[in-house]
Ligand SMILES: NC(=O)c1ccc[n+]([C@@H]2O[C@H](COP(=O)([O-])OP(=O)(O)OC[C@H]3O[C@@H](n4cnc5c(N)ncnc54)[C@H](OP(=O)(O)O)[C@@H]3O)[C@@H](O)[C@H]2O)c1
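Starting off, we have a lone chain in the form predicted on its own, written out as structure tokens.
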């Protein structure tokens, strides 16, 4: 199993870090212990993480500020990835911000808060695919304009079906797809297959199952996952992450946590070798509902 893959033309370690959980409850407001959050970020980089996923609407502002405080000036090898297309209301609700003007503001806000002149990759986070039919060209066109201006390097898309991805690939160069996918949610098999065909990075969100539907506890309760984990003497979460790494060389992981202990466990999943028997056994894991429309990320 290769431990590195590519984000566009950028080689990266296949286990990165998703920073969403560093904000307060509901990904809103500040964490109870900001220094612990900064320590998690610093430890992630110490452990070899060179791909951090964030967004201005995590907090909002909070997570990007924590990243800047903990890691600026950034290590030369570190790739920072954000997403635009959403915003928060005063109560923490998730709202779309999908117009070209809002996408431009989103990119500019990320650059300012992260203290960057250019960000490595920006994902267009779709909220309602039924609303993209006539807007996708102008949305991706806005990101392409920003790329031409030198404000971002690569463009990705998130929460997109395989059909939407095919339309996007006709419009601009796409480097990355972020969709919900895990050992217990395989609704996006078509999207993964297309990424393999086109040599695109596939970055699952909710890689441990939806945090809004039990997450790691849900994995531990599955008898098949628990059996493989016990046989390998690893945790159910490590089993789920290792399954993803073995499932496709195009998969990059961004598991998130606010705990250094869990961070270290997640990174250690990159050293776990599953054999063919394990992979076949995990085909029997319970398949749960599709979380993409259930909650934002």
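Residue numbers count along the first chain shown, from 1. Just so it is clear, the structure is predicted and the values come from calculations on it, not from any experiment.
Although it is not shown, the form predicted in complex with this ligand is what the next lines describe.
Asker: If you check in the predicted complex, do 64, 74 and 110 all have a non-hydrogen atom within 4.5 Å of this ligand?
Answerer: Spot residues vs this ligand: no contact at all.
Asker: From the list 86, 191, 156, 209, which entry has a heavy atom within 4.5 Å of this ligand in the predicted complex?
Answerer: Only one option qualifies, and that one is 209.
Asker: Could you tell me which one of 232, 43, 247, 262 places a heavy atom within 4.5 Å of this ligand in the predicted complex?
Answerer: Contact with this ligand in the predicted complex is made by 262 alone.
Asker: Taking this ligand as it sits in the predicted complex, is residue 242 near enough to touch it, meaning that at least one heavy atom pair lies within 4.5 angstroms?
Answerer: Residue 242 lies outside the contact set for this ligand.
Asker: Examine residue 59 and determine whether its closest non-hydrogen atom to this ligand in the predicted complex is within 4.5 angstroms.
Answerer: Result no; residue 59 lies far from this ligand in the predicted complex.
Asker: Do residue 18 and this ligand share at least one heavy atom pair within 4.5 Å in the predicted complex?
Answerer: Close contact exists here: in the predicted complex, residue 18 approaches this ligand to within 4.5 Å, heavy atoms only.
Asker: Report whether the minimum heavy atom distance between residue 79 and this ligand in the predicted complex is within 4.5 Å.
Answerer: Although this ligand is absent here, residue 79 would stay clear of it in the predicted complex, with no heavy atoms inside 4.5 Å.
Asker: Please pick out the stretch from 65-73, 265-273, 224-232, 43-51 that is in contact with this ligand in the predicted complex, where contact means heavy atoms within 4.5 Å.
Answerer: Single hit among the candidates: 265-273.
Asker: Under the 4.5 Å heavy atom criterion, name the residues of 64-78 that approach this ligand in the predicted complex, in sequence order.
Answerer: The stretch does not touch the partner at all.
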